[in-house]
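Okay, here we've got a single chain as structure tokens, the form predicted on its own, with questions on binding and movement later.
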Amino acid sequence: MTDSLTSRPPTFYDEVVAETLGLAENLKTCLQCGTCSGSCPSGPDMDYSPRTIFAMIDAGMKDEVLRSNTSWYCVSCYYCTVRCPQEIPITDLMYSLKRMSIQAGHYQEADLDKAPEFSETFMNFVENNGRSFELGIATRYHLRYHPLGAIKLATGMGLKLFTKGRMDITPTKIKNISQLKSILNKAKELGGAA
């Protein structure tokens, strides 16, 4: 049994770090420089920028963070993670916030009009290739909701990622895709999905 004078209940910050794999403890070193927010192709659509989310986590604003759409708009491009001067695993933190949001029952509140289409695009790539294709997901999303922004992304960040070998132009398939398709079909069957 722990002494109540020396221990404290875990904070929201502690929960987020514990939920995240890798170097999540680096979150404590966040400089609030804004590199992550400035790098994010989905930033304009987010309720709060990534750096604001990190400040809110530190402030213990659990409900506000888990109800926001920020983590749901992360397209997993890892641009923020690559550019972070403190090596904070920002994309991994966004995945943790998604899981925590689902566990708290808040995921249904985030942009229901766009989420199914985004999810279907993601699943289409996974089912046909065995993995996500970030460029395809981001392109479809931005062409649909921000066509002029898509051009800016392609000529700015997209070109930089491509020239550094950080982005594939076409999706690649995993080996034995037929095995994955069998697994996914069985999962749909067990889950009652059509």
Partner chain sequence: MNDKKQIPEQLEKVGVYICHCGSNIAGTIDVEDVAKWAKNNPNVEISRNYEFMCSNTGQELIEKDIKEKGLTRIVVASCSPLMHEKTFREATERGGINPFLFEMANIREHGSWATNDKAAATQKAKALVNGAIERVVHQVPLEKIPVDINPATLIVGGGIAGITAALELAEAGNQVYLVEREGTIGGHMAQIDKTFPTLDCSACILTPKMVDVGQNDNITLLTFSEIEDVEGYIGNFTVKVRKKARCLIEELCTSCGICEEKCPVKVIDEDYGAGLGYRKAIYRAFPQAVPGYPVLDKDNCTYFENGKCRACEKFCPTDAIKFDQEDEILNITVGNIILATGYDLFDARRIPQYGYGRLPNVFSSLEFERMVNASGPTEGHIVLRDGVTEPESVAIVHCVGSRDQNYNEYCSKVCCMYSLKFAHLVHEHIPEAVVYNFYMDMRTPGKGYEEFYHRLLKEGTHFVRGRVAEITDVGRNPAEEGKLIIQSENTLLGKQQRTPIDMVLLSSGMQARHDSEEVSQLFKMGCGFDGFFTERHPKLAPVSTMTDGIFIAGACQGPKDIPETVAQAGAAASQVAKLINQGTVMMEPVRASIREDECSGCRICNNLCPYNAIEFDDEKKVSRIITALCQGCGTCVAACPSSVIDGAHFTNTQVMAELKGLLWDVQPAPQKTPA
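Numbering follows the first chain given and starts at 1. Every value quoted in this text rests on a predicted model; they were computed, and no experiment measured them.
Another form exists, predicted together with its partner chain; not displayed. Remarks below refer to it.
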Heavy atom of residue 105 within 4.5 Å of its partner chain in the predicted complex: no
Close approach of residue 51 to its partner chain in the predicted complex, 4.5 Å, heavy atom: yes
4.5 Å heavy atom contact, residue 31 and its partner chain in the predicted complex: yes
Residue contact check: residue 44 to its partner chain in the predicted complex, 4.5 Å heavy atom: yes
Residues of stretch 71 to 88 in contact with its partner chain in the predicted complex (4.5 Å, non-hydrogen atom): 82, 83, 84, 85, 86, 87
